[in-house]
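Shown here is one chain on its own, the form predicted on its own, set out as structure tokens.
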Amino acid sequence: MSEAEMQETYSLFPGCIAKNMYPSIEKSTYTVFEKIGVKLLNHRYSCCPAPGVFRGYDRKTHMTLGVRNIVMARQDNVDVMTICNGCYGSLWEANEMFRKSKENQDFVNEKLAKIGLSYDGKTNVLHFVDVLHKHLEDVRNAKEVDLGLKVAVHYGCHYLRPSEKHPDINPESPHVIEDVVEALGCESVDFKNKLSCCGAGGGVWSGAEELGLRVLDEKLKNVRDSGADCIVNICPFCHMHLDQSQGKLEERYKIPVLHLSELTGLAFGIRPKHLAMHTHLISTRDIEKKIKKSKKGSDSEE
């Protein structure tokens, strides 16, 4: 790969949930980054692997599987970009474990050698929000529609924690996602327990569903009380719980849930169907109607 081809090129790590359950998230990510001039490559990835499963049994196995994924991008001399907090946490931690210990490096490379691979620790693991935020001016320039939505931002757990992932961000008062949604013509509304878990993380959803639903119920109540039109997240796993589990609650909230890539795609003038938003369980039609109304209002002013 030449230096010109490497410029602003990343390897997209889609993760399991976006790939298998929410094609809208993966598709909108490719579309949005193409619009702002960032190239995304597709490599032969496996599961990140999920920290709640592999890491809980054997940290070195977890690290080795994670590094094996990173090596896929390293072969083309590009960094890895994730669209999922869990994948980001897994791959970032595997990379850091490898980099900080000669023993770990020897262990991993001994395993990788059996499949004809090796790793030098020079690949970075990035979250798509950080790349999008770096291109905030390009986002503004690509925007075709001021969305005019009131947005409840959900960060999720693994983007901000541990805090050494983002030494320049205050984990108690972040503003990265808010900067992006405001650039898209939305208002980020504050709400109680904004930085709390969605209720699915750490295996809670699968291992203690009732607890996970109680956490979700409180989260959705706070969002509803804020007057938000929708929830915007940066993690397919959070997205799945926020979208699919609303129907399991006694209170029928029906709050639309959008991944940030989808929201950005809508502001870029891309039709919801082309973003595959019809794959959501909670309908986004009310959001689409508000956007159309907002667009007609701005057109009439012109």
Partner chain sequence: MSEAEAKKVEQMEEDPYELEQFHKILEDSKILSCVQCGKCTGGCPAGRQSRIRIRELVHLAHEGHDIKDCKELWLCTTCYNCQERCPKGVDTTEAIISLRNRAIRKGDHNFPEIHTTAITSLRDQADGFPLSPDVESIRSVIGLPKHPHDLAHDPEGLKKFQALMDDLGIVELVMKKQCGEGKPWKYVDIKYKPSVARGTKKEGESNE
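Small disclaimer: the values here were computed from a predicted structure and weren't measured. Numbering follows the first chain given and starts at 1.
As for the form predicted in complex with its partner chain, it is not shown, yet the points below apply to it.
Using a 4.5 angstroms limit between non-hydrogen atoms, residue 93 touches its partner chain in the model of the complex. By the criterion of a heavy atom within 4.5 Å, residue 290 is excluded from the residues contacting its partner chain in the model of the complex. The closest non-hydrogen atom of residue 218 lies within 4.5 Å of its partner chain in the model of the complex. Under a 4.5 angstroms non-hydrogen atom cutoff, its partner chain in the model of the complex lacks residue 121 among its neighbouring residues. Scanning 193, 141, 173, 101 against its partner chain in the model of the complex with a 4.5 Å heavy atom cut-off leaves one residue, 193. For its partner chain in the model of the complex, the listed stretch (207 to 215, 223 to 231, 183 to 191, 129 to 137) containing residues with heavy atoms inside 4.5 Å is 207 to 215.
The candidate spot formed by 11, 239 and 285 lies out of contact with its partner chain in the model of the complex, as no residue has a heavy atom within 4.5 Å of it. Residues of 60 to 81 lying near its partner chain in the model of the complex, listed in sequence order, are 61, 64, 65, 68, the criterion being any heavy atom within 4.5 Å.
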